[in-house]
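The data below hold one chain only, encoded as structure tokens and taken in the form predicted on its own.
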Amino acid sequence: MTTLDQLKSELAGNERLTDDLRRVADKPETVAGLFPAAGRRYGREPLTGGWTTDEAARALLLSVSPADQVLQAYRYGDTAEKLAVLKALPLLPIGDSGVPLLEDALRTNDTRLVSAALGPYADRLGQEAWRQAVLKCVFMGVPLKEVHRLHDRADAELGAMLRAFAQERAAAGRDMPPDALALLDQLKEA
């Protein structure tokens, strides 16, 4: 998992971001104006670890913001901003207060948000909600490799859910994704 220190290192030398981080630390409400402008202010170039410059900058801005600003950034953000918040959640000291954001993302039909919601912060989801989210990934075609700790958390009940879904798909003349079949095989052996 990427850390805040790694993101800081990736963006070292970005004086505008350094100044903006100081501004947010001094006046947390300024994040509301800087967060949406991250792509324009800091760029959108790809970084290591699957991050982009704007996502990393947004995570760093949130890291010096109080939890209520994190929640507001998600609530009022566009898809790119919501994605950045979801990716940043495991890096932020906000406890379980971000779980409603995962739940919101999991209600969408945006595969990027669903995938991000099942990153490391998803460890905070209850087992029932997590199982439903995994099933949604299979339904939407989100690769199961995106699900953090899939093989650690997968259990017999998830196996039963996947088997029932596989039967529905077979009855409709549709195949199950190969990664879902592989998980089903693993759960049969357990």
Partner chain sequence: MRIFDPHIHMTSRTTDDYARMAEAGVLAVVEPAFWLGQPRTSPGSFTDYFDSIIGWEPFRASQFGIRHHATIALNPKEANDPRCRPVLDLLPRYLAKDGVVAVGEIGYDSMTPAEDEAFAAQLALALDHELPALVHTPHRDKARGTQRSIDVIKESGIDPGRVVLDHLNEVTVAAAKDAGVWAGFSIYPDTKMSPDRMVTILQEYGPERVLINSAADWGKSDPLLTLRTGEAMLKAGFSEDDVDRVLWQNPVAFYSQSGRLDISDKSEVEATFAGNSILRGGS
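Since this is a predicted model, take the numbers as computed values, not measurements. Positions refer to the first chain, counted from 1.
There is another form of the same protein, the form predicted in complex with its partner chain; it is not shown, and what comes next is about it.
- Contact with its partner chain in the predicted bound form, defined as any heavy atom within 4.5 Å, is confined among 59-67, 153-161, 34-42, 125-133 to 34-42.
- Although the partner is absent here, G98 lies well away from its partner chain in the predicted bound form, with no heavy atom inside 4.5 Å.
- Its partner chain in the predicted bound form is not approached by R107, whose heavy atoms all lie more than 4.5 angstroms from it.
- Proximity of R169 to its partner chain in the predicted bound form: non-hydrogen atoms within 4.5 Å are present.
- The shortest heavy atom separation between G119 and its partner chain in the predicted bound form exceeds 4.5 Å.
- Along 79-114, residues T79, E81, N109, D110, T111, R112 each place a heavy atom within 4.5 Å of its partner chain in the predicted bound form.
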